[in-house]
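Below you will find one chain, with nothing else, as structure tokens; this is the form predicted on its own, and questions on how it binds or moves follow later.
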């Protein structure tokens, strides 16, 4: 690749050799270190490529070997510049274009955000804008490390952030903790976190593995929403099995339970169909940064209309995004028509929504055992209603209530006698 670029910059020729003994010509070129490449035979003649400097050394060799050298093609930058030497405006425009591209490469023209599920791109872009990270800013002012720290500080459920600059794009990748449970509830005295685990659904416990804390239920127990499952307060007992102190910890356990979830989804039996057989108006537009320039007219007096837009951003490669785009906008009028779903159509729509709900549950680790969902049709809408029996992760963490240490009995206090004035001396 590098050799091809060097050849293009210096220029090279394609020549054709004919004569009595072209082999002597090739041997003489090798003897004088004249580099030839792409050699091939064509109708009793030899074609090859040679550099401009090498071609200038051929005159004595051609005379000595009795051959003829004919230039068939010319390649490279020197010949290109010579061909267009009178077109000064072309070269000036090319130079200005190179300068403009270089200047645009110093700015960020696209902020790409990926990995976010619970928050939209607009939410994160608004937050970055509040931190002065916007489209069109200089790349030298982008502090990727600062961006990472700000995002993690602002959004607690984002556990990993990466920010990097590629070309004219700022790429921000995030990873959210979908199963995050707040376990950082500080104890009232500020010493350490202490949490209990309570049930977040009515269920029957099917699995219980406690790593930290005191379990309060067993496998097979039925619990209600809000019942305590694991306590973060551990009793410290003395030899007589009486509580003398408490130790606190952040409860940690894997708990699964069999629960019955309610499901309901409604959909209207009627829908609006748009008949686009009417008039349309459109325009071409060019966007330069925040400015949009249109050519045409999309202003109309249609009673009902829809705008369709198609926009293309100019890029040089994958990551060199330019602040230029072009496209077309069309406004088409339509006549609304109210139609009614047939029984099979509405069943298919409700079944698709139920299938998506089941897929969402399965992605969260929920095991679906049984479902009893039926479709009911009323005057204006159809409803899918019923229950889903599942085995799922149970429990959420809440702060542990702090209890005071029980007071010791009076007869265990060695200072009691002295406090009553009995010092053991008597007459």
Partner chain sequence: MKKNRQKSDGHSLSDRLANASGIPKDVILGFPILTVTGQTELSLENYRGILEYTSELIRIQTKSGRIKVCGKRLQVEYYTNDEMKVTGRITSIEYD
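Residue numbers count along the first chain shown, from 1. Keep in mind that what you see is a predicted model, and the values were worked out from it rather than measured.
Form predicted together with its partner chain: not shown, discussed below.
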Open item on the list: Counting any non-hydrogen atom inside 4.5 Å, which residue from 373, 392, 69, 26 sits next to its partner chain in the predicted complex?
Closed with: 26
- [ ] Counting non-hydrogen atoms within 4.5 angstroms of its partner chain in the predicted complex, say which of 34, 61, 384, 388 makes the cut.
- [x] 34
Task: Per-stretch contact check against its partner chain in the predicted complex, the hit in 52-60, 375-383, 393-401, 35-43 (non-hydrogen atom, 4.5 angstroms) - done: 35-43
